[in-house]
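Given next, in structure tokens, is a single chain: the form predicted on its own.
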Amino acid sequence: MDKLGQLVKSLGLISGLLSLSLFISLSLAQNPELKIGFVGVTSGPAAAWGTSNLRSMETRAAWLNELGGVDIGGTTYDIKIVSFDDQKDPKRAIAGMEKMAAEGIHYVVGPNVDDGAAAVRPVAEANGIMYFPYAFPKELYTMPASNAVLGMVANYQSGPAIYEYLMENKGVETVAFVAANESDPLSQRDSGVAAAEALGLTVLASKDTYQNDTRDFTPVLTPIVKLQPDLLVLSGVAPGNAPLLIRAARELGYTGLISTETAQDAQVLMEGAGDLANGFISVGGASTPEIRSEVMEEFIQRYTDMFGEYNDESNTKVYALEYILETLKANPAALDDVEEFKATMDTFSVPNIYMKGDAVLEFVGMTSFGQKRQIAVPLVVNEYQNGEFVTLFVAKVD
């Protein structure tokens, strides 16, 4: 073969390889994207709440995409997480939900606080968006509202469980509450007071408040510590404020129990309060070492590999995206119609891949809301000890 022939053959081979490469590239890129939104707080004192949400979603989405995507109704989708930091500001939360609507997103995780979740409701309902807030007002989940799904255990579900446990196991008889002067923690305080009184606890203080940007809590806690309650409840406390309150209480000489119904960050507690935080009781992630599956163990490892650390609260936050995707798989018509999603919720049930045994993913909430507008995650209550959370007890809500 002359040189010209060899050149033509080589060019043909190169062309073939380029075509094959182009074909492979197109094949790998041809999965359509399914956008799932996140609107929540990822900056400021409450950043840990939203950050654990977003990182959980990003970890799981990357994992699913690595496996080839998610098959919904015969079409395989790559999952794309679209996020918006609302900075714990209701106005920004509205802007975030409007952004989701503009991008045609029908399923959104967040917001993380009561006033943000309430603020976005009109936008969600007007634009056919189902959203999964981590906020407790019952009016978000009771008729006529139907577009919000509670993504965790509410304080009016966890509070009574914690108080009852401490009454039976720690001899608690008196309790005092302190809360930030904002709608979210004030609402949680009022629910906590009602639950405590219903259980027969003596409430010694229920009106003490502080501004959320407070850094010296001594003046706030001095009159409460003088009352020496058996239990001090930090209602709705942001992770950034919890260690400061704990440190102030202990340095004032308080020796009783301290608890909250919000999830916390062990690293933040260790850095801000150290050993003074030992014994602090909070709602934990929905997975203890005893009940988590191999899939959950892998999720924790992947999360840690992606972000260099792990937040125990993500044991709960892993669930929202899974519920959305599994419900869409059960009824692909819900991809563009949230009414179809709602119609599927009453009977939806699939195995819970994050827990050992025969646990299932299903929607609950009939007792609290009169309709299934809550995801079923275990109620795990933790006690902080020496830099990490230790499981105190595990319960269940319907």
Partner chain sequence: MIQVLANGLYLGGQYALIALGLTLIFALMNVLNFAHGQMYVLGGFITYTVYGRLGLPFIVALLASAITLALLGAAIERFLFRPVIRRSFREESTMLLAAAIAFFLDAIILLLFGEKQRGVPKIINGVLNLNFQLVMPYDRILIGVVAIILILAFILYMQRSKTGRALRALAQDRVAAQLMGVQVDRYSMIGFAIGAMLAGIVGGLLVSITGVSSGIGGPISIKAFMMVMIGGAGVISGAIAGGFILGMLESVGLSVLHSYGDITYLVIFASLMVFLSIRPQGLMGKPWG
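Owing to the predicted nature of the structure, the values given are computational and were not obtained by experimental measurement. Numbering follows the first chain given and starts at 1.
Beyond the structure shown, there is the form predicted in complex with the partner chain, which is absent from this document and is the topic of what follows.
**Q** Is residue 76 near the partner chain? Define near as a heavy atom within 4.5 Å, in the model of the complex.
**A** Close contact is absent here: in the model of the complex, residue 76 is far from the partner chain, nothing within 4.5 Å, heavy atoms only.
**Q** Closest heavy atom of residue 240 to the partner chain in the model of the complex, within 4.5 Å or not?
**A** Judged by the heavy-atom cut-off of 4.5 Å, residue 240 is in contact with the partner chain in the model of the complex.
**Q** Taking the partner chain as it sits in the model of the complex, is residue 45 near enough to touch it, meaning that at least one heavy atom pair lies within 4.5 angstroms?
**A** Heavy-atom contact with the partner chain at 4.5 Å: present for residue 45.
**Q** Given that the partner is absent here, does residue 191 sit within 4.5 Å of the partner chain in the model of the complex, heavy atoms only?
**A** No, residue 191 stays farther than 4.5 Å from the partner chain in the model of the complex.
**Q** Please tell me which of 169, 301, 202, 222 lies within 4.5 Å of the partner chain in the model of the complex, judged by heavy atoms.
**A** None of the other options qualify; the answer is 222.
**Q** Hey, with the partner chain in the model of the complex, do 294, 323 and 335 all fall inside the 4.5 Å heavy atom range?
**A** No, because 294, 323 and 335 lack any heavy atom that approaches the partner chain to within 4.5 Å in the model of the complex.
**Q** Name the stretch, out of 126-134, 229-237, 160-168, 243-251, where some heavy atom lies within 4.5 Å of the partner chain in the model of the complex.
**A** Selected range: 243-251.
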